[in-house]
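One chain is shown next in structure tokens, namely the form predicted on its own.
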Amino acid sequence: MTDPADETAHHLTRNAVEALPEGALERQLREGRPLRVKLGIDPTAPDIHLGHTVVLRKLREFQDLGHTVVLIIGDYTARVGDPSGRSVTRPMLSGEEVDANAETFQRQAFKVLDPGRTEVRRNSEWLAMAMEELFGLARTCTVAQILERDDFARRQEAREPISILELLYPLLQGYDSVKVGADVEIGGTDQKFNILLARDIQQTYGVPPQSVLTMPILPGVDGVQRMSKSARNYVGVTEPPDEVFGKLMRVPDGAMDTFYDLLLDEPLDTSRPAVESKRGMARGLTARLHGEDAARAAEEHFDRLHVQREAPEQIDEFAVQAENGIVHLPALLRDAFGISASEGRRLLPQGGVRLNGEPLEEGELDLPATRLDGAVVQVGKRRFRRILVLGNSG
């Protein structure tokens, strides 16, 4: 007979990179009690994207099985800066920035997590400690252990600076696990060192060590770099449905299997045409964030722009003043779309500027006001303005 704990552990670890130590999660599940599953997040940015939801969805799976998620908002560690995967010291944030980001992040995380099974803690509760306590924490680990980290080792070899504060970061993250009594900690693969070190720190303080689940890093819509705002390849969970759908339709075919596995929890059907799979992915993820009706409308909007090449139903208006019955097109593009006049001139011979769906030509720099009034000007594939001519000032 199959052990129920083994079946549950297999379900929970099916798309994880590693579950450590081997067999630890199964042993915890056999205890038959709700586990405390920890995720620590430093609110260094206000918004979360689909990359964050990979870990959040795993946490939700634990919640759906009756376990408690302990979401630690690292309002204190954010002031230190997590060095994981970084080649330089992270810039410091003000307390006001950290607090504002924390509020936004927590609200957006509940798009995935069940608030009723989530315990939200801020690590400033225990990290604003006396010096004697900090000295005790510092004794739990050696400098040699910390410098084994890949990112520290690379920086040391390149003679790049590493602050004492950064060396303390893994200890502070591990102490979070002590204070909340974490049974399981989940994080991206870049967090493996910190999460494993937390086990040692827990044991030093007489707390049963947590098991570890590391999750893959989701690529961005470019299919190459990890999804991040700095790389401008992200899909934000609060972005409008049209933006979510449109961005996901740009995911390269070769990256779709990762999106299906980590975000839709189903395998990519390789017998299906790639464009159909991509639509299914974009539709499903847009619906998850905004609902089925919004996803349908977003797909229709996408088709109007990219398949039928029609203008969207709702277009912002832009008023322009004619001079002697003429509107200078490069100036209009600059004011209406925020592009330079030289960029506007460059787009014209490429067919990058359209008037009522028809491409304008290179020499069409001055247009009659009567031709522009009420017309739709399009720049690129997705930017539209309906032009209102206010009158002839000449």
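Residue indices: 1-based, along the sequence shown. Note that the structure is predicted; figures quoted are calculated from it, not measured. Definition used throughout: the rigid core is the maximal C-alpha set that superposes within 1.5 Å between two forms.
Separately, the form predicted together with the RNA exists; it is not shown, and the next lines address it.
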Original post:
When the RNA is placed as it is in the predicted complex, which of 341-349, 22-30, 65-73, 37-45 ends up with heavy atoms within 4.5 Å of it?
Top reply: 341-349
**OP:** Give a yes or no on whether every one of R14, R117 and E317 sits within 4.5 angstroms of the RNA in the predicted complex by heavy atom.
**Re:** no
**OP:** Indicate whether E299 is a 4.5 Å heavy atom neighbour of the RNA in the predicted complex.
**Re:** no
Original post:
Applying a 4.5 Å heavy atom distance criterion, does G188 contact the RNA in the predicted complex?
Top reply: no
Original post:
Does G374 make contact with the RNA in the predicted complex, using a 4.5 Å heavy atom cut-off?
Top reply: no
Original post:
in the predicted complex, does V379 have a heavy atom within 4.5 Å of the RNA?
Top reply: yes
Original post:
Which of these residues, L172, V237, A287, V251, gets a heavy atom within 4.5 Å of the RNA in the predicted complex?
Top reply: V251
Subject >> Contact residue in the predicted complex, chosen from D293, E148, D269, E276 - any heavy atom within 4.5 Å of the RNA >> reply: E276
Original post:
Core-aligned, does D366 move its Cα 2 Å or more between this form and the one not shown?
Top reply: yes
**OP:** Spell out whether the Cα of A341 moves at least 2 Å between this form and the one not shown when the two forms are superposed on their rigid core.
**Re:** yes
